[in-house]
Structures are given as structure tokens and as C-alpha cells.
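Only one chain comes next, encoded as C-alpha cells, the form predicted on its own.
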């Protein structure tokens, strides 16, 4: 293929004439936006150790009261995108949020979808659209687009959770905004109780609710039990993994990002194929390593790392006698909706 012309090859007066009309020649930049063979992600494999992050987050609690912060968060920024962009990948934002005893993070709603993966502590809760969701380690709580949500803490120790949002995508679309609200009135009824067991639904006659998100809290105790049951039932299964879904439709729990939990058997090494979406790995329990191309991250409990798309990933359990459990967030639903999802050998 012939080498494409460069911008500087064009006469200066021609370039100036283009600029005056808000025009840009494509050919000098064609290979940058359509590289040969596969994309060239800006997302870098990055590791955020919780041991290093936690004291800085607690210090933020001393330096900034919740009234001035509204949401006291340290953003897990990917250096490949530039720290000022505050994004972990092209479509994912990550943040570690701290709530201290007695604090209340006021009610608001926004266009980006969000989930909360509880990292440590007890006594906190999130109210979403009037439904109170208790927060325990490993729980996944949805705060979908447009729904009012607030956080409160009735316990005695700090509570920390990992935020995952599709904020970079919504911001890029120029559709990102929030609205402040009043403290919510909590109402009875909880989706995690109505849909507490797979294969059974509430009576007398099951009809799909009018809620786009009938289940907002996914307890870790249930997800962990499902993984252990799956591993025992299928001992030859390589990837012991469950996906968080809408219990009424079977679709992904949210419509842009996908969430799952994975169990590594004692001593297991699991090779994941290169797929188009970027992925985030957060270790809930145990010890594990994540190999991304030539980089290897050793994860302790509550550590988080990310891998760019089109990159093979190898997970390994560091323990020979105990399982390891990971929470995974990725861009799969978005890629599938856009028709660009692919897996490469």
C-alpha cells in the first residue's frame, strides 16, 4: 500500500483555506483513526493496590468533610488516558468512595449508570429509588441512570466501596449531568428478597414489573454460594463464573457495562482469550495474580487492576489450598450493542 500523504506536504495557503472553512484533510490522519489489523488502545494495564490507596482515602476523610465533598472519592485513573481524564478505560470510570460513621451523602440522580462493589465495613446503606440496600463486603448495588440515590452510615467503622460508572462514554456523548434532590422516603420491598433464589419467582401470578431494574442489590453471599455450587457440580469446568443479570429478563444487570464474579480453584491458572472490551478485575477474597501481556500484578484482597481490550489475560490463584474470588467489570454489553465485539485466539 502506498504511503499516505502528510499534512505538511500540503501548501500552507491550502491548509489555511481549509481551516477557515473548518475543514480537515482525512488522509494524513487516516491510519491513526483506522489502524491496520487491530485498535491501538490508550488504556494501559494498571494496578491499584488497596494497601497503598486506603490510608490516602482515610486521610481524605480527615481533610474534607462530607458536606464539602458530597461524594468523597479517589479516582482510579489510567495513565494511558491521562490522569486528568479520570477514566480507567475508554468507557469505564473507577473510584474508591469513603463514608464515615454518621455521614450522609445527599440524594441525587445522574445520567451515567453506576454500581457499587462494597470493599470493607458494615453499617452503611444506599437508598435507590426509595429501596434501602444494605451494604456488606462483596455486595453489588446498582444505581442506574436517572434513579435517585443516596448513601448513609449507621455503623461505627469506615465503609469503603468501589464505584464503577460508564461516565467516560456518557461524557463523550455530551449527555452527562446530575440533579440534586431531597432525602428519600424509604418504602418496603426489596428486589434481592423477591428474587432470592434462581428458578423461583413471586406469586400469585408472575408478571414483569414496570421497573427497568427490579433487583438493585446482589448480595455477595448469594453470588459466592452460586460459584461454589457451580464448581462442585462441574469439576472439569475451567472458568467458574457467574454473570449479574436482570432476574426478569436474563439480560445484563445494566445496559452499557457488564458485571460478573469468578472463582479460581486452589492453585488454578486460567487463560482468558483476547477480547475487544477492556476489563477491570477486583479481588474480593484470596490472593491472585493477573498477567496482562508482559506485566504481572499480584493482587491482595481489595486490589483492583485493569486490562485493555484485544489483550489476553491470565489469572492465577496464589493459594494452593483456598479459592480466590474476583469481581469483573467490562465493556461487553456496549461492544455487543455496537456490533464490534470480538474474541481473538
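Note that the structure is predicted; figures quoted are calculated from it, not measured. Residue numbers count along the first chain shown, from 1.
Only in words, not in the display: the form predicted in complex with 2,5-dihydroxybenzoic acid (GTQ), which the text now covers.
Engineer: Which pick from 137, 275, 110, 153 sits with a heavy atom within 4.5 Å of 2,5-dihydroxybenzoic acid (GTQ) in the model of the complex?
Structural biologist: Residue within 4.5 Å of the partner: 110.
Engineer: Would you mind picking the one in 73, 160, 128, 223 that has a heavy atom within 4.5 Å of 2,5-dihydroxybenzoic acid (GTQ) in the model of the complex?
Structural biologist: None of the other options qualify; the answer is 73.
Engineer: Check whether residue 165 has any heavy atom within 4.5 Å of a heavy atom of 2,5-dihydroxybenzoic acid (GTQ) in the model of the complex, and answer yes or no.
Structural biologist: Within the cut-off, so yes.
Engineer: When the contact criterion is heavy atoms within 4.5 Å, does residue 218 count as touching 2,5-dihydroxybenzoic acid (GTQ) in the model of the complex?
Structural biologist: Contact with 2,5-dihydroxybenzoic acid (GTQ), no.
Engineer: May I ask you to state whether residue 145 is within 4.5 Å of 2,5-dihydroxybenzoic acid (GTQ) in the model of the complex, using heavy atom distances?
Structural biologist: It does not: once 2,5-dihydroxybenzoic acid (GTQ) is placed as it appears in the model of the complex, residue 145 has no heavy atom within 4.5 Å of it.
Engineer: With the cut-off set at 4.5 Å between non-hydrogen atoms, does residue 97 touch 2,5-dihydroxybenzoic acid (GTQ) in the model of the complex?
Structural biologist: Within the cut-off, so yes.
Engineer: Every residue in 93, 116 and 149 with a non-hydrogen atom within 4.5 Å of 2,5-dihydroxybenzoic acid (GTQ) in the model of the complex?
Structural biologist: The answer is yes; 93, 116 and 149 each reach 2,5-dihydroxybenzoic acid (GTQ).
Engineer: Can you check 179 to 187, 256 to 264, 231 to 239, 102 to 110 and let me know which stretch has heavy atoms within 4.5 Å of 2,5-dihydroxybenzoic acid (GTQ) in the model of the complex?
Structural biologist: Going by heavy atoms within 4.5 Å, the stretch is 102 to 110.
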